[in-house]
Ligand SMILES: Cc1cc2nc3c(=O)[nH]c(=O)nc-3n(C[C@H](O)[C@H](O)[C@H](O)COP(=O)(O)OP(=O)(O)OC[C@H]3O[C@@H](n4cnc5c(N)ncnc54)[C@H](O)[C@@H]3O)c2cc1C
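Below you will find one chain, with nothing else, as structure tokens; this is the form predicted alone, and questions on how it binds or moves follow later.
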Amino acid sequence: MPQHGDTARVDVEALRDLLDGRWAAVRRRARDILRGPEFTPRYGLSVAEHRARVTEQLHALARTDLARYGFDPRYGGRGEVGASVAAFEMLVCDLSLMVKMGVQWGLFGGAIQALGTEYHHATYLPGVMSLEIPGCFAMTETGHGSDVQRLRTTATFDPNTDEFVVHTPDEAARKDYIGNAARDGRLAVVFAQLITGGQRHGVHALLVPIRDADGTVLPGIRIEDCGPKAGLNGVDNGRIWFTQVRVPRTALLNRYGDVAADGTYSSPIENPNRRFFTMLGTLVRGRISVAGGAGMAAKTALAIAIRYGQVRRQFLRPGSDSEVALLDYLAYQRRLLPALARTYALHFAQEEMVSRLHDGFTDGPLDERAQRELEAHAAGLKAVATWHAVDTIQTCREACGGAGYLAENRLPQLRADTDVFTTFEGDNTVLLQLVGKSLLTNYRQEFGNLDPLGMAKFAAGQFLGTVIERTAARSLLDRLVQAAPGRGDEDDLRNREWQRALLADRENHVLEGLARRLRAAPADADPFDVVNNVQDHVLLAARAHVDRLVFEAFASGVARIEDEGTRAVVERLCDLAALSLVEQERAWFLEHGRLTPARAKAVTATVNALCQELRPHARDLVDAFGLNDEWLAAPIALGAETARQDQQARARVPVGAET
């Protein structure tokens, strides 16, 4: 209930509808499908039992429309790429099922659709959707995970037989950690160096059968199980070697590069580097999906911890014989409520990202800059969201004490399952470097040709408004002027324009400083050393950029709330998201004169106040996520603690008495 004098109320159903967003019907459909014993989380399964169960669940999903959203309607799909991401996110009942679905209908099927042509679509997509063709996405190699451009698997064209010969030349080239490979996969999208006429044309994708219909591994293929993992043991990850495996020329997914019967190579994109990155850009859906899946895992952990904290009691209140609920302690609020605020912020950022992805697929190809920004934003959001999920789940585990360590309460499994989210679909640190590179590219396009006087004016701040505008923020100087009055007032800290200005200024200052450091490098400096020496700065620029984007998305989401009471509560949550970030990064703001010491202390005091104001609404805010109780599947979140306390009260056992 709200505190005395606080009239704000959360309309949980209305907030849930807002959070469900553009694909609300898909989310409601998933809530209806993912019910009953078949989809209730289970713990204590062996690896074999878990894999078998997840495969059965996947077959059940193949009989629903959840499997068809992302595919071309001409072949039985729904043509809703955004809906396919929303459906993926909802599989939080078991993250192994979420990942296996992503492998089959996101990576494997998505690669056929994005990189193949009409022949591949008509031949394979119906079987992909029905699960008659279980598949793998064989990109990663033991020697090259992040550096895809230097994969070592080869696909050499033989014009005498009209075939490609797929080969693993050494141990570094074996395909590694491949989902669906160890047990279920029949066909693999294999990324390999394309060679024809003795000339290499870079990495391309081919369809290579790895097992027959009975599950027998085919000649020339060797598969090894990766074995038990820390988490996601319902996914059968494996390693694959190819020994002179022949596939027909039509196995090449030839949207961006083709080979004629005489071995002649052709491509609509002449530049090999541009061709490679265009090909990878079509697969951006995977990173966006992982960010959303991580967000759902964080929401689940928060729902469990906040429900438990609301009823779990420890230590007598002075002058009373009743114990205090954990959620009434400021320290407990401090652990969970800023994480809840950040989770909301990331949710709205994810919603915007999925919409951009969907519109980019349905409204025609994006121009080069728009595509680069989509890929960079997807990379940054994936990194920030997965790190946040891992940290949040661990915090929730600790906040629930020993109960949070029990397998029956889901938190340990969520932690183990999401850990690798920071690695697959791109190592997070590498992804943030991609974001930084994109920012520098945009910066160079806007300001790279300024003369010395122009650069001097820029450094003096004359063009701050322009650079911020080109990175989607509003004019910094205008906002600083508007927010200047009342600098010491707590209400001013809750001023959305001041928050916006502060984060935009940080982003711009860091990027400008990075550009100056790069410009200052001697002309004869080693390029590797130049970039390597500023990597810390690149990563900071990327984080500052993503932090601003996430904040902007949250602020935009708040503006769409129609119910006055709900908006008042979520406004405070947005304040908490912004100010807890400022508090976390206060060293930077103090070092660079953006906050005075007194102002920094006021930020901390305001974060405390916001936590206490939001405490009465915490349960409503997690209930608005729309997580079925059977997905939570944690006794501590479903009444076990309340039942224990009620039993103790009925027995009239005093606190601390021997029993």
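Note that residue numbering follows the sequence shown and begins at 1. Remember, it's a predicted structure, so these values are computed and weren't measured experimentally.
Note that the form predicted in complex with this ligand isn't included here; everything after this is about it.
Residues within 4.5 angstroms of this ligand in the predicted bound form, judged by any non-hydrogen atom, belong to 422-430 and to none of the other stretches in 326-334, 422-430, 364-372, 571-579. The candidate spot formed by 164, 196 and 258 is out of contact with this ligand in the predicted bound form: none of the three has a heavy atom within 4.5 Å. Residue 242 falls outside the set of residues with a heavy atom inside 4.5 Å of this ligand in the predicted bound form.
None of the heavy atoms of residue 298 is located within 4.5 Å of this ligand in the predicted bound form.
Taking the partner from the other structure, this ligand in the predicted bound form has a heavy atom within 4.5 Å of a heavy atom of residue 138.
Within 4.5 Å of any heavy atom of this ligand in the predicted bound form lies no heavy atom of residue 551. Between this ligand and the residues 206, 354, 87, 178, the one pair within 4.5 Å by heavy atoms in the predicted bound form involves 178. The partner is absent here, but in the predicted bound form a heavy atom of 535, alone among 535, 250, 123, 130, sits within 4.5 Å of this ligand. Contacts between 207-234 and this ligand, taken as any heavy atom within 4.5 Å in the predicted bound form, involve only 229.
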